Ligand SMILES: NC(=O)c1ccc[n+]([C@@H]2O[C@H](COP(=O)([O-])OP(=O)(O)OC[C@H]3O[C@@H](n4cnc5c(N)ncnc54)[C@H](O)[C@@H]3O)[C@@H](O)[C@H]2O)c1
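Single chain ahead, by itself, as structure tokens, in the form predicted on its own.
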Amino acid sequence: MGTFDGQCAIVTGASGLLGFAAARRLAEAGARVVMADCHATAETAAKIADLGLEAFPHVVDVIDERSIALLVEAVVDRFGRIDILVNCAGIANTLVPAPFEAIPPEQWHRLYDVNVVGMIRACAAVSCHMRKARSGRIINLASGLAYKASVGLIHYIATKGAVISVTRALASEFAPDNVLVNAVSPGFTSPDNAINFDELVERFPAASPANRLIKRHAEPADVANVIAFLASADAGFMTGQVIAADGGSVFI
């Protein structure tokens, strides 16, 4: 039997690098995974379904409260439960570093809407179902940059600091109902072959393996494995925590 047999997981940002890896890892362990994203959900879900695993696409916009509500309603109608929420939706690799004074207000608003408010909306939408069932796991995606910073990315760093604070606050609030809330803090993770990793390192020097103790590029599975652990019964005595899955780049 798989670790998550009979359980239902929602992964937001499931068409992205880490979202897809998390969805696949949970599906491999027996979960019925709802792959929620604003685009390409059918194609990404098909990649997992082609492996004989259970994956279901759903188009969602995390900054739209109604869209999130419809997602949760559809999942509950279909499966009758929500056991796991993985918040991977976010803006990251499309950012271009810029001095603090040069970042326009609309970029700040956009990042906070997606990276923070979108995560909060998803947590709010599933929390009543999880708390009623007195069981649930929520895993949020933070970033090592929230701990060591990087020049030119203050708006992104600020959102990931907020993710960590919200994770800890929700863990405190949800603990009486056995809903555990944790976060994973990845370092820079190898993109797919469509992106030149050398160019990424040039834009973001912190992405170099030279900046971590384990001298190799991080793979999406490195992060997905930690997400799966936090979603499992093995992490049943952990909440409000941030685990750095970054090869020893930061120490929390």
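As the structure is a prediction and not an experimental result, all values here were calculated from the model. From 1 onward, residues are counted along the sequence shown.
If you look for the form predicted in complex with the named molecule, you will not find it shown, but the lines that follow are about it.
For the named molecule in the predicted bound form, the listed stretch (169-177, 139-147, 125-133, 78-86) containing residues with heavy atoms inside 4.5 Å is 139-147. For the candidate spot formed by 19, 39 and 189, every residue has a non-hydrogen atom within 4.5 angstroms of the named molecule in the predicted bound form. Though the partner is left out of this view, residue 60 does reach within 4.5 Å of the named molecule in the predicted bound form, counting heavy atoms only. Residue 92 belongs to the set of residues with a heavy atom inside 4.5 Å of the named molecule in the predicted bound form. In the predicted bound form, the named molecule sits beyond 4.5 Å of every heavy atom of residue 164. When the named molecule is considered in the predicted bound form, residue 103 lies well away from it, no heavy atom lying within 4.5 Å.
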